[in-house]
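Starting off, we have a lone chain in the form predicted alone, written out as C-alpha cells.
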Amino acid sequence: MKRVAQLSIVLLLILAVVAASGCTSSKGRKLVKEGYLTIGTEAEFAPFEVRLGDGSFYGFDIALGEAIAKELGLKVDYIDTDFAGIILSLNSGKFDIAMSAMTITEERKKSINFSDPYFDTGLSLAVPANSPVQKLDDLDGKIIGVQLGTTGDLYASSLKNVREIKRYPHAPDAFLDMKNGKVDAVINDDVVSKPIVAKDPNSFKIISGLLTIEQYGIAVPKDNEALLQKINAALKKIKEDGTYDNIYDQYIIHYSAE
C-alpha cells in the first residue's frame, strides 16, 4: 500500500509539472518580460503608432495594445523597430507580438500567425497638389515612393513602366521627398496618408478611390498558439464592450496630425 501511495504522489507531481509548463510547450512560449506583453511596432506611422517627443508612444495600435494587455492581466511594453525587419525580430524573440498596422497577407502567413482582423483599410495614391496624375496609367515614367517592406512596396513593384521605386524606412520620409520634388507619387495606406495630406493640402492630394482592400492583424509567432488564442479572445471582448469603438473614435475619427 505504501508503494502504491508513493507512486500516486509521484504521478500527481508529474501531472502538476506538465500542467504548469503548458504555456511553454510547442504550442506556446514564455513572455519576453514577465508580467508584460512586449509589443514590437514601427512608431512613425500615424495615426496607428507614433513616438512622441517625451519618448512615449501614442496612436490607435498603442491604445488597442494597452487594452489587450489589460484584458490579459498584463502591463505593456513597446519596442520601436523598423517595419522591414519586424517579422524577423518577432520570430527571434525580441517581443511577444508585432502590432504595427500590418496587413494580413498569404506571404506573411508563411512565417507568422495573424490574429483575427482588427482594422479594414486599403492603399491609395498620393501626388503633389499640382500634379497632372489622375490615374495609375499616368505613373508611366514616374518615380514612386513607398515604405520598405509594406504592401505599398509590393503594389508599386507590380506596376509596369514606372521609372523608379524609391523605398524608405518610414512613410513620412517618402512624403517629404515628394514635397521636395524627388518623388512623383507615394503609394501608402490610405488611413495613414490622409492626415499627412490634410496637414499640408497645398503640397499633396490623394487620387480618389482605393487601390486595394486590406485588413490589419496582430502578428504572433507560429510557436505561440496559446497566446494567439488569448489575443483573439481579448480582441473579441474589446469589440463587444465598446472599448474598440472608443479607441477608433479617438485615434481615427478625431485624430489630428498636429
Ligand code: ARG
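The first residue of the shown sequence is 1; numbering continues from there. Since the model is a prediction, treat every value here as computed from it, not as a measurement.
The form predicted together with the ligand exists for this protein as well; it is not shown, and the discussion that follows is about that form.
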item: Residue (of F175, F95, Y118, F83) lying close to the ligand in the model of the complex, criterion heavy atoms within 4.5 Å; value: F83
item: Candidate stretches 29 to 37, 228 to 236, 204 to 212, 44 to 52 - the one whose heavy atoms come within 4.5 Å of the ligand in the model of the complex; value: 44 to 52
item: R108: touches the ligand in the model of the complex, heavy atom cutoff 4.5 angstroms; value: yes
item: is_contact(A101, the ligand) in the model of the complex, heavy atom dist at most 4.5 Å; value: yes
item: The ligand contact in the model of the complex: Y216, any heavy atom under 4.5 Å; value: yes
item: Touches the ligand in the model of the complex: S124 (any heavy atom, 4.5 Å); value: no
